[in-house]
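A single chain comes next, written as structure tokens; it is the form predicted on its own.
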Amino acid sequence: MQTGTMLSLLQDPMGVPFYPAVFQALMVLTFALHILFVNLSVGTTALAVFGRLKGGERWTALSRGMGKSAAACVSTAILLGVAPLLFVQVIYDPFWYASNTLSAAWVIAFVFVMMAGYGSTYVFTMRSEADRLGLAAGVFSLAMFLTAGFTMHALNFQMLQPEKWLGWYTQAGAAVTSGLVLHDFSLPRFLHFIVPAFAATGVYLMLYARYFEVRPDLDKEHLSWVGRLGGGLAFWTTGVQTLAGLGWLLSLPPEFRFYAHPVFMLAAVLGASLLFFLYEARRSPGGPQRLAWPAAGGLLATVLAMAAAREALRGLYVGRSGFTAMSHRVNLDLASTALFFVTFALGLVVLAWLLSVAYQAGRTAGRWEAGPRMRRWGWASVGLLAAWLAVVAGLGVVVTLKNAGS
């Protein structure tokens, strides 16, 4: 069977409820936010473990802070990972489900790997610095997060090669249904996702120092040291990422000529600009933390451009089989689409409130008291969630009764 024919048979005959280009744009946006927090999860965990191993007053204090940051980053990464995963399932359903079926055991194990790694971060933060169990828990967390990243990388890489699926599924004339094998892996591609973890963490350290400098109860000299450490880490690992990106670019199929793709060129220019900016930030008279917010903005812009370049590259891979994201049948369903976008907007409102509370509370020494505005925003968020639950539950009851009577 032709690969293109196989893919068309695997596509959902119901099509998609709205225009694929909208889902594709949202997938790029949400993936960029997700991978940013994935990088921070790996980087802060690694730095927390390193700080505990190195010891000393400064590194121990930094390790404690990074351990708490890691727990928050992991939960945020998981939350933000739901949306791009759903968009992939909608747009690239024959590719994603085929890859998941071929390595089903790894897909199921991924959930437990993340649970184990996330739980271990709390063991790490709760144990004392002298406790070996705490250190072991931190190392275990880092290993679990890297395993999870390795798994997702392999699953995504497998889905781009439908011409190999039949060979992976059959061996010696028999079907292989165990799902125990990850069939393909690209080291340059994997490094291209992992090395930025330390660049993002460097920028995070700059923000960390800038954020806490208003606290009168914190050591200003320590925060200055954290800012300088972050500036150096961000600059040098961004330079390493440039080399890793070059290795990844050389590993791509030459017929793609991806180096000449406009989206990739934009991402490359932004990456180079960020590298130059970080070099200048290290020489800032007040320390790199003085330029923490512009650095964070530059990092976000670069990650967004790279996420768009990743999607453009995926289009080239699947295009070899005659598939395009725009080839889906559009079965317009305005009601479900409206519910989706309302849910998305509501989630942003509630998330913004939670982030605002965390931001203000962390910059206050002692107990933080919410002002009238934050209280009103909080009650409004609770009300919006209650209204959303009532609407969704009501729709479920109406649809159930309607189907039962038909």
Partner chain sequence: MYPVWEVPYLTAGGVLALIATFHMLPSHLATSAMWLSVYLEGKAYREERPELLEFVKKYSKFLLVFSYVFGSLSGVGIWFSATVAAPRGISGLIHNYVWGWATEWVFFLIEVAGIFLYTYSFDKVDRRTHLTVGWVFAAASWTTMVVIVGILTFMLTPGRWLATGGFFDGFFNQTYWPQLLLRTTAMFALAAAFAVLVAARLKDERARAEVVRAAGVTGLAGTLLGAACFAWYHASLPAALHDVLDALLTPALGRWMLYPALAVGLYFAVLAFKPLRVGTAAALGAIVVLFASVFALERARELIRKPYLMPGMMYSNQIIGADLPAKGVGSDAGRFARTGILAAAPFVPEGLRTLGDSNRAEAGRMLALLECSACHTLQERGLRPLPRLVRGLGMDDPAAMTGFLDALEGYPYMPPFVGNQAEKEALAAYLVALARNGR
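The structure displayed is predicted, hence computed values, not measured ones. Residue numbers count along the first chain shown, from 1. The term rigid core refers to the maximal set of C-alpha atoms that superpose within 1.5 Å between the two forms.
Same protein, other form: the form predicted in complex with its partner chain, not shown, and the subject of what follows.
Under a 4.5 angstroms non-hydrogen atom cutoff, its partner chain in the predicted complex lacks P294 among its neighbouring residues.
Although the partner is absent here, E369 sits close enough that one of its heavy atoms falls within 4.5 Å of its partner chain in the predicted complex. Proximity of S128 to its partner chain in the predicted complex falls outside the 4.5 Å heavy atom cutoff. Its partner chain is not shown here, and in the predicted complex it never comes within 4.5 Å of any heavy atom of A136. Taking R282, H261, R215, H222 one by one, only a single residue has any non-hydrogen atom within 4.5 Å of its partner chain in the predicted complex, and it is R215. Checked against its partner chain in the predicted complex, the residues A272, L249, A312, V107 give one hit for a heavy atom within 4.5 Å, which is V107. Heavy atoms within 4.5 Å of its partner chain in the predicted complex are found in one stretch of 332-340, 253-261, 200-208, 230-238, which is 332-340.
Taking the partner from elsewhere, every residue among G119, T177 and G378 has a non-hydrogen atom within 4.5 angstroms of its partner chain in the predicted complex. Taking a 4.5 Å heavy atom cutoff to its partner chain in the predicted complex, the contacting residues in 80-96 are L80, V82, A83, L85, L86, F87, Q89, V90, D93, P94, W96. Once you line up the core between the shown form and the other one, the Cα of G55 stays within less than 2 Å of where it was.
Superposed on the core, the two forms differ at A390: its CA moves 2 Å or more between the shown form and the other one.
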